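The form predicted alone is given below as one chain in structure tokens.
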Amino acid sequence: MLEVCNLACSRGDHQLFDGLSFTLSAGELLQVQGANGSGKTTLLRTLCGFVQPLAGNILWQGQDVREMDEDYYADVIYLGHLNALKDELSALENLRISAALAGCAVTQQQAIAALKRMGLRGRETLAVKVLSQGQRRRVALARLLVSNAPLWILDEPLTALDVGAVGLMQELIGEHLAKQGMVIFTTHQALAVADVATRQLALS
């Protein structure tokens, strides 16, 4: 379980929110909502350890994440607005390198299978710079398929995706939740997972 207790965050001199508390259990899907500038991305990055909160605690399985350090971050995968891909490398190379940096050993066969699942069959060895924006986003999202992290934190995962890819993304999230995974996400597009009630967290 993820527990957020009385969290406060700021951007520069501007406080975004304070006293924020919520929990997330295995198999649950949470959408963070709010106007632009309300702190959605800051909250997600704080949960990943990229931003330090002004106050409050984040607990994972009952333990403060500041005490767990790498044991917590190994259980989290974050995908942000940017795809974080190297243009000169192939889709396959990008996927394997990003997995290795996250401490996850992925074979070439596993990486190829993930890219095919994401609709990139035949493009695995192409340099990312020649791919469309939607295809580049699919390469980034393929990281989810080769990760063992139970907690997915996704900032606008549907950006640049066509209708078919959005449907695939909803399917992948559903499979992850069915395996008792957890997902926190933001989106400006509709995202609904079959047989799963999406919880809402509104930032004002």
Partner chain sequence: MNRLSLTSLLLLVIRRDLLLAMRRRADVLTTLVFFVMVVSLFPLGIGPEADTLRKIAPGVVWVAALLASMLSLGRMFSADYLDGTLEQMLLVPQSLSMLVLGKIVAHWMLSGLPLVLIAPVLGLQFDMSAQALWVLIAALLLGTPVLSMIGAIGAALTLGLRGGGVLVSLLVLPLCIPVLIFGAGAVESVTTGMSAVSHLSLLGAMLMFSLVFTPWVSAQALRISME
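Positions refer to the first chain, counted from 1. Owing to the predicted nature of the structure, the values given are computational and were not obtained by experimental measurement.
A second form of this protein, the form predicted in complex with the partner chain, is not displayed here; the remarks below concern that form.
Residues 120, 123 and 130 are none of them found to lie within 4.5 Å of the partner chain in the predicted bound form, as judged by heavy atom distances.
Checked against the partner chain in the predicted bound form, the residues 57, 159, 148, 61 give one hit for a heavy atom within 4.5 Å, which is 148. Interface residue remark: residue 141 is not counted as part of the site for the partner chain in the predicted bound form, having no heavy atom within 4.5 Å. Not displayed here, the partner chain is kept clear of residue 36 by more than 4.5 Å at the level of heavy atoms in the predicted bound form. In the predicted bound form, the partner chain sits beyond 4.5 Å of every heavy atom of residue 176.
The closest heavy atom approach of residue 103 to the partner chain in the predicted bound form falls within 4.5 Å. Along 81-102, a non-hydrogen atom within 4.5 Å of the partner chain in the predicted bound form is carried by 82, 83, 84, 85, 86, 88, 89, 90, 93, 97, 100, 101, 102, in order along the sequence.
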